[in-house]
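Only one chain comes next, encoded as structure tokens, the form predicted on its own.
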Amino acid sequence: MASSRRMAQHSSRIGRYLLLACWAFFCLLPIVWLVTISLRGRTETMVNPPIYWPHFTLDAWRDTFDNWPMWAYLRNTFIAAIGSVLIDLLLAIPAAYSLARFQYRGRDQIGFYILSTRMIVPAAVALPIYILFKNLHLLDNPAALMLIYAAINLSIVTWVIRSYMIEVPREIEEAARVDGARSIGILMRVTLPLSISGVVTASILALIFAVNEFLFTLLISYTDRAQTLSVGLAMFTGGSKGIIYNDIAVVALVTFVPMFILTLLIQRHLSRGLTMGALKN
């Protein structure tokens, strides 16, 4: 009886592993295929039937970085995305603390208004934003992208940080207040350190959204002075050379891999484990 139960458990475990292996295969297959496209000759990407084991070459990588403004795309993406995250954190942390801790008239309505800005259809505000930045003489400028990304992601950053700050027990803050700390001191020395996993999570989400943003970037940037990787990717789909699949794969990998590695490195912050540990202490 015990032997049959162990065999059933063993079979169930093998079945789960096989299911996970199939899931991993289907998840990783597009990435592997993207890598092989970036490492094969251009003619080998157009043949039918496809070549599954091509002659690998770095020609696409050399062509992308030598003949296209890839370094400008990377620079602009870095400036706009990182700058927008810093702006979001500067504004969202006090806003989230206010929404999480203070009682005042209209607090719930203000919170809902902040969150509802995320529901606005981007195309509906595209023209006003274009006219605004044109009058400010900020068209084709990474600073304009920085401000737009920050405005788009501010609501989600605020709400993510707020959800973590609510979990910080009030008793800890009250103890700090008894010791003479003021609200800004309590926020910086008590609440914010205990909510750091929420800050990291919100920062990563805002960074991913900023790197992937396309519509507004295409609208207000028209040279490599401000174009980012998301818009640069579209540059490989037209012109006299047609669709350059190899170079598209290179740009896609350059965009995807750093975000993927960053997510793996801070994945523990994506859970609420750190905050829960602090509460137990």
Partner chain sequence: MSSVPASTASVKSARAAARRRGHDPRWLPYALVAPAVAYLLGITLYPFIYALYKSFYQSSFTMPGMDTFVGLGNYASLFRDGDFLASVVNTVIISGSSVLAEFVLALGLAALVYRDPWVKGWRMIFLAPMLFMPSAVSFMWKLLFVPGASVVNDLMGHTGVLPDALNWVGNPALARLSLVVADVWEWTPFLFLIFVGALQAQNSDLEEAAKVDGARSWQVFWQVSLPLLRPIIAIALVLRGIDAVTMFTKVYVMTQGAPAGNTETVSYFIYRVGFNQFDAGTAAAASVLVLIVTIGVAQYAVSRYFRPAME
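A quick note: this is a predicted structure, and the numbers were derived from the prediction, not measured. Numbering follows the first chain given and starts at 1. Basically, rigid core = biggest C-alpha set you can superpose within 1.5 Å across the two forms.
One more form of this protein, predicted in complex with its partner chain, exists but is not displayed; see below.
- In the model of the complex, its partner chain sits within 4.5 Å of a heavy atom belonging to Y245.
- For the chain shown alone, N141 is not a contact residue for its partner chain in the model of the complex, no non-hydrogen atom being within 4.5 angstroms.
- With a 4.5 Å cutoff on heavy atoms, A226 does not count as touching its partner chain in the model of the complex; it lies far away.
- Though the partner is left out of this view, N67 does not reach within 4.5 Å of its partner chain in the model of the complex, counting heavy atoms only.
- Of the listed positions (I204, L91, A72, L192), a single one reaches within 4.5 angstroms of its partner chain by any non-hydrogen atom in the model of the complex, namely L91.
- Among I172, I196, I79, V211, the residue placing a heavy atom within 4.5 Å of its partner chain in the model of the complex is V211.
- Contacts to its partner chain in the model of the complex (heavy atom within 4.5 Å) from stretch 179 to 195: R182, S183, I184.
- F26 shows a C-alpha shift of 2 Å or greater between this form and the one not shown [criterion: core-superposed Cα displacement of 2 Å].
- With the core held fixed, L215 shows a CA shift below 2 Å between this form and the one not shown.
- A movement of the C-alpha atom of T45 reaching 2 angstroms or beyond is seen between this form and the one not shown when the two forms are aligned on their rigid core.
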